[in-house]
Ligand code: HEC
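Single chain ahead, by itself, as C-alpha cells, in the form predicted alone.
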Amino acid sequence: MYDSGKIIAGLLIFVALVTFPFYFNVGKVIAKPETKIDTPEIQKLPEHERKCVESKEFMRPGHMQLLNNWRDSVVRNGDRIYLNSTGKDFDISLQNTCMKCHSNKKNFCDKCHNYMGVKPYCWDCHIAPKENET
C-alpha cells in the first residue's frame, strides 16, 4: 500500500469530525424545565374544573399519543367526546380543551419541546394561540 499514510490520516480526520459534537458537548448540561401547571387561567376556573383530561403521570409521556388518537377519532370517525379513565367526558379540542388551561404556549409547550428537541406538528393545522406578554 503506497498511500497508507494518506488513508490513515484521512480516517483519523473523519473520525475526529464525526465525533466532534460529542466531545464538544461533554459536561454541558441544560437544566430541565419546570412546567408550572398552576397558571392564572387555571386559577380562574372553579375548583371542580381544575382537572386535566388524564393524570399528570399519563400526560407527561403520553400526551402526543392522546392528541394523535383525538385527531384520528374526530377526523375519521366524527367523535367529538373523550371519556377519560375516571369516566368524565371532555370535548376533543386542542384549542378549546387543552389550551383553555395551558394558555401560555411559549412557557408551557415550547419550553419542554425545545428541551427535548422535538418539533410537534400541532400548529401546522391549528392556529397558534396569541400570547399575552404579561
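When you see a residue number, it is the position in the sequence shown, counting from 1. Note that the structure is predicted; figures quoted are calculated from it, not measured.
Omitted from view is the form predicted in complex with the named molecule, to which the following refers.
**Q** Give a yes or no for Lys56: in the predicted bound form, does one of its heavy atoms lie within 4.5 Å of a heavy atom belonging to the named molecule?
**A** Output for Lys56 is yes: heavy atoms within 4.5 Å of the named molecule.
**Q** Should Lys32 be classed as touching the named molecule in the predicted bound form when contacts are defined as heavy atoms within 4.5 Å?
**A** Residue-level check for Lys32: no, no contact with the named molecule.
**Q** Classify Val118 as contacting or not contacting the named molecule in the predicted bound form by the rule of any non-hydrogen atom within 4.5 angstroms, answering yes or no.
**A** Taking the distances in the predicted bound form, the answer for Val118 is yes, it comes within 4.5 Å of the named molecule.
**Q** Contact between Lys44 and the named molecule in the predicted bound form at 4.5 Å, heavy atoms?
**A** Taking the distances in the predicted bound form, the answer for Lys44 is no, it never comes within 4.5 Å of the named molecule.
**Q** What residues in 102 to 123 sit within 4.5 Å of the named molecule in the predicted bound form, counting heavy atoms only?
**A** Heavy-atom contacts within 4.5 Å come from His102, Phe108, Cys109, Cys112, His113, Met116, Val118, Pro120, Tyr121, Cys122, Trp123.
**Q** Comparing against this form, do Asp89 and Glu41 have their CA atoms pulled together or pushed apart in the predicted bound form? The difference is 3 Å or more.
**A** Here the pair is farther apart than in the predicted bound form; there, closer.
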